[in-house]
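Have a look below at one chain only, the form predicted on its own, in structure tokens format.
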Amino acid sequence: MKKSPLLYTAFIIVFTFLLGPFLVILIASFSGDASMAFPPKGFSVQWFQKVLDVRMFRDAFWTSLQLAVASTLTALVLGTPVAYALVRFKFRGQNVVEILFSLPAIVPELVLGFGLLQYFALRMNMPIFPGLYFGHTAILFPYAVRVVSTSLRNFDPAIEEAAISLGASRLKSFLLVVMPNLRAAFLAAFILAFITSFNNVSVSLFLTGPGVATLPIQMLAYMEMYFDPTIAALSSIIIVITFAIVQTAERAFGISQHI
């Protein structure tokens, strides 16, 4: 089939529009100038070294990593039985329950972050890291439910029923029959939720405080004081690592089928 020049041009425009900012960041991170500029003046990798030398970035990275892992695992542990109940059972008000569980992904994150600030910080006087943990778990919960439930709908329930008919309890059949067949779905949900938590700004902006800050919030704070290519270099590292993780998981498990 002959390619349409108009369609090809539209594809190039959309592709450039979507990936253009990432290319600008990648190129600017190798600038030899002391201030961020595009196109860069000269070539240097000093800003990547500076990323490793700045202690606030190292501390914020470990905070974001611990927070993302903890909140993602919690969202999966809580979201899996909810997804199973929504798919395998029919009950009155099921549609309402699904909407309620989806609210953290539907409500604007600025509104959600402000609400969590009022509840966790002002009303409960909760420490900063637990507040971040519960806040991130709340925003990741809908992703876990949606991904796992989608995979469950594609899983033949007759296989599970066969295990139950042979004497296994529903819990045992779920653990030994259903879960092994949902490995790719769990991995897809974990990666999606982890990246969402690690890169979150809106909710983290309300819940961070003195001594505890996630990496995106620390990057914003750095940009308020400095305007050198260090942030571009750090952003490039995050982009490359994220791309590598997603591509590796896609090639190994085909996670796009479950999202």
Partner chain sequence: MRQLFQTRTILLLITPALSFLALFFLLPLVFVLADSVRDPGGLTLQRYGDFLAQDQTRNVYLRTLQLGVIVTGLAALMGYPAAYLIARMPANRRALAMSLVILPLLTNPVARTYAWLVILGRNGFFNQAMVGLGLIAEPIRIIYTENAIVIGLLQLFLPLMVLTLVSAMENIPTDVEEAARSLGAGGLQTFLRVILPLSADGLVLGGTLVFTGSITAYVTPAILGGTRVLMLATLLQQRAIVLLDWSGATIIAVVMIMTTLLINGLLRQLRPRSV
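Positions refer to the first chain, counted from 1. Since the model is a prediction, treat every value here as computed from it, not as a measurement. Between two forms, the rigid core is the largest collection of C-alphas that superpose within 1.5 Å.
From this point on, the text means the form predicted in complex with its partner chain, which you will not see here.
- Its partner chain is not shown here, but in the predicted complex it comes within 4.5 Å of a heavy atom of F120.
- Looking at L112, you'd find a heavy atom of it within 4.5 angstroms of its partner chain in the predicted complex.
- The closest heavy atom approach of Q46 to its partner chain in the predicted complex falls outside 4.5 Å.
- Heavy atoms of M223 reach within 4.5 Å of its partner chain in the predicted complex, making it an interface residue.
- Interface residues of 131 to 146, taken as those with a heavy atom within 4.5 Å of its partner chain in the predicted complex (partner not displayed): F134, T137, A138, F141, in sequence order.
- Core-superposed comparison between this form and the one not shown: CA of V246 displaced by 2 Å or more.
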